[in-house]
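Next up is one chain by itself, shown in structure tokens, the form predicted alone.
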């Protein structure tokens, strides 16, 4: 078991970062580590570097202190990579490479060996945030740290309904809500609540979805023209694939949106037996058994045909 205090002992500069397009688990785990280290090492220069996260996570303490410019000079004493391996750090990868010491905390099966000098990678864990709870000292836990961890856990477990939820996950969640934050409000504000634009584009995606493989798969996509029409960004598409997955009789859901001419960002979710991380890995992506993604080139039909080949093998 990694002990974060011991690994960071004596460090004067610490950089914390996670993957590009940060989601709830990435933001929650990064901010929990930040708040913990600022508490136990008040003299150290500790900072979080991430692409601008969604505003729904602004309820996390010190959210406004996240460095989105990646202006890090010199060699940090410690770099902590959370919820990813180093090639998904984006602009922060260069800082990772020149850090004096690197720590990797992750739960992705595609990163089972870890990318740091010190690694804590547990693919069976529900989230990176669950692993962050493991490496912190409970006596130093407070309400703000607990809230950040809880947000990360609910977002990677679908509020404890995905198959990655274990008895340990729920035991940790029980301890976290004991710190007294308003957890029902957190769930509504960060998970369910959507803007008018998000609801419009979700409705469009559902209306234009297609089922195939005898109703066991469902797919939908949004092109650049549609996103421009709604003035939508990639952040407005969060949750679409999860809603598609809830369609009765569906085992595997696919959602994709156009990021360039004939280039798509693909997200996949499955219910019981399709390992979508294996499908994504065929195209340079990765993730978890029930949630994974990749970037693919070609027409919409090319992409679906290529994905279908590997999904059908598991059917």
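As the structure is a computational prediction, the values presented were derived from the model and not from experiment. Residue numbers count along the first chain shown, from 1.
What follows is about the form predicted together with a small molecule, which we do not show.
Candidate stretches 66-74, 45-53, 27-35, 259-267 - the one whose heavy atoms come within 4.5 Å of the small molecule in the predicted complex | Only one stretch passes the 4.5 Å heavy-atom test: 259-267.
Are any of the heavy atoms in residue 294 no more than 4.5 Å from a heavy atom of the small molecule in the predicted complex?
-> Answer yes; at least one heavy atom of residue 294 falls within 4.5 Å of the small molecule in the predicted complex.
Indicate whether residue 110 is a 4.5 Å heavy atom neighbour of the small molecule in the predicted complex.
-> Looking in the predicted complex, residue contacts with the small molecule include residue 110, since a heavy atom lies within 4.5 Å.
Is there any non-hydrogen atom of residue 147 lying within 4.5 Å of the small molecule in the predicted complex?
-> Flag for residue 147 set to no.
Hey, in the predicted complex, does residue 88 get a heavy atom within 4.5 angstroms of the small molecule?
-> Yes - in the predicted complex, heavy atoms of residue 88 and the small molecule come within 4.5 Å of each other.
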